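Just one chain is shown here, as structure tokens, and it is the form predicted alone.
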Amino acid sequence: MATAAEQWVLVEMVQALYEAPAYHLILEGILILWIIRLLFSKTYKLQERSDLTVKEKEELIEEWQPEPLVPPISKDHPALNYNIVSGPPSHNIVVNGKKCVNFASFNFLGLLDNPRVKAAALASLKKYGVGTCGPRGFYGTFDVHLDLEDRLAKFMKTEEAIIYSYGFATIASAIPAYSKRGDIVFVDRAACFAIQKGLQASRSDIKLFKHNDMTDLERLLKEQEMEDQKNPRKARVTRRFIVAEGLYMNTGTICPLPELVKLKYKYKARIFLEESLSFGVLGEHGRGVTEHFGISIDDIDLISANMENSLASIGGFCCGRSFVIDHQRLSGQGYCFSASLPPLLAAAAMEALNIMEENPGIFSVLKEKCKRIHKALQGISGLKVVGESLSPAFHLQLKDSTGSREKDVKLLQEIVNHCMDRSIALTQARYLEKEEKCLPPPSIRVVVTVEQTDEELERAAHTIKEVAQAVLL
């Protein structure tokens, strides 16, 4: 019975072979021959070569020069010739043994050497020790961490907050936690280096718009909208983000947040706001650029800031809705893999936050001092002031470049050195020139704090003007 069935199948196969079109048979024949060739052919061919003698090998080895591990660096490079600070970099700073008024450190609210902050840190040091020796998920979560996160969330009027042990890593970890390959990020050309590293880690499609130019941003958003209409299936799974700074580190200018929010809703994008300079500076209570413009915190998808400026501590935080923040606890690399913030620094940040809440008038004092020195520095020979009058960190750039970045840097450094000799501590803005996406021009950064007196502000402005005139004219 089985044999008859097999014969019948064979007859059907032969019949199907006769009935198949010719091109079909030719194609199958070619495929069979190609498979046979692949099975019996060698996967590689031995290349003919002539053996070298021992002497020839030695000559080749002697001639070979390895590529340098790092590019050559001049011994005069600023990174190799840094200034040495003795004591706390507070109102007055001792640099290379010389006492100066500090116009270089981001101690905006003067809390770095505050007795209450130091007492809170010392009490925490005695209770918890120096560090944590573990990430948050591996016995690195202390009660003081949870208290600080709760306080930050309440202060910023958000559902939840998360803290990082390194300020730079905060936004650099937050961006790739949400934006992945295939997503689109619209970012200001003046974005700080931490944002740039976060974008690089995300591997997203980056679209740069001109600094604070909402017309240019809308142009890019419209172009993307047209692309989405061509491929609606892809558009449904592509996320769009707008990344901006409250106060830009590289320019000292404030972002036009109301216009950004309008574009967010018009083109269905998410806003990430980096507020390291604006937190503890802008707004009636120091809550940043959202409070400054009267924008609801719910209109911003994620706010990031470091605690190394106004709070005079270390680390950073992100705040927003609970489901947004909780995702970082699983995906934020700086949170998951770095040792958690030392408890003494968390306690210091919390006490600094207490002082901010108890003394809201401190922010108007800082604003007035910023306006005062900004006005006093107008009309400097050869230099221009770059930045908002309400920014505590702004820049002095050359009005006319020499045409060489190296020469511009040397001229500005000469001004800094002469000011240091006259007890005014300034610094140049430093950049990784080969890494920056849009390298800013060389500049001297001026930082204002509430501790500086009106007399010191006037003296600093007068000194800078005199020195600039002597160096540049």
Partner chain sequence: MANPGGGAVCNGNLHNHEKQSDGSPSGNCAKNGIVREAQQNGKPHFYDKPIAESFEEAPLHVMVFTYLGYGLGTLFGYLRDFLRSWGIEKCNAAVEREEQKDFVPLYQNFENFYTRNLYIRIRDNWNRPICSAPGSRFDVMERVSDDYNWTFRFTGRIIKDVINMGSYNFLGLAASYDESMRTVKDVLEEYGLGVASTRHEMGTLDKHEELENLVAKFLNVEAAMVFGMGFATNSMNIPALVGKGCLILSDELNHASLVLGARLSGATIRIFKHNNMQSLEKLLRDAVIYGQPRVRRAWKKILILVEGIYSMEGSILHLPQIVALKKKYKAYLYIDEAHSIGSVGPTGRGVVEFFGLDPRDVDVLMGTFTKSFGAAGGYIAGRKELVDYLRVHSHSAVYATSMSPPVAEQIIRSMKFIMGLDGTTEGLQRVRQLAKNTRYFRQRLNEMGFIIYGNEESPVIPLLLYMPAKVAAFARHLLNRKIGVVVVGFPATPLAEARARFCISAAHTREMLDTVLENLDEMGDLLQLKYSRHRKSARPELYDETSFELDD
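Values in this document were obtained by computation on a predicted structure and should not be read as measured data. Positions refer to the first chain, counted from 1. So that the term is clear: the rigid core is the largest set of C-alpha atoms that superpose within 1.5 Å between two forms.
From this point on, the text means the form predicted in complex with its partner chain, which you will not see here.
Residue in contact with its partner chain in the predicted bound form (any heavy atom within 4.5 Å), chosen from R270, H91, H292, R151: R270. Note on the partner interface in the predicted bound form: the residue among L217, A190, L366, L344 having a heavy atom within 4.5 angstroms of its partner chain is L344. None of 329 to 337, 218 to 226, 396 to 404, 350 to 358 except one has non-hydrogen atoms within 4.5 angstroms of its partner chain in the predicted bound form; the exception is 329 to 337. The candidate spot formed by I303, Q378 and V409 is out of contact with its partner chain in the predicted bound form: none of the three has a heavy atom within 4.5 Å.
Looking at F241, you'd find a heavy atom of it within 4.5 angstroms of its partner chain in the predicted bound form. In the predicted bound form, at least one heavy atom of K57 sits within 4.5 Å of a heavy atom of its partner chain. Using a 4.5 angstroms limit between non-hydrogen atoms, R430 touches its partner chain in the predicted bound form.
Using a 4.5 angstroms threshold between heavy atoms, K197 counts as touching its partner chain in the predicted bound form.
Contacts between 118 to 147 and its partner chain, taken as any heavy atom within 4.5 Å in the predicted bound form, involve K118, A121, L122, L125, K126, K127, Y128, G129, V130, G131, T132, C133, G134, P135, R136, G137, F138, Y139, T141, F142, D143, L146.
Shown in the overlay between the shown form and the other one, fitted on the rigid core, is a CA shift at E62 of 2 Å or greater.
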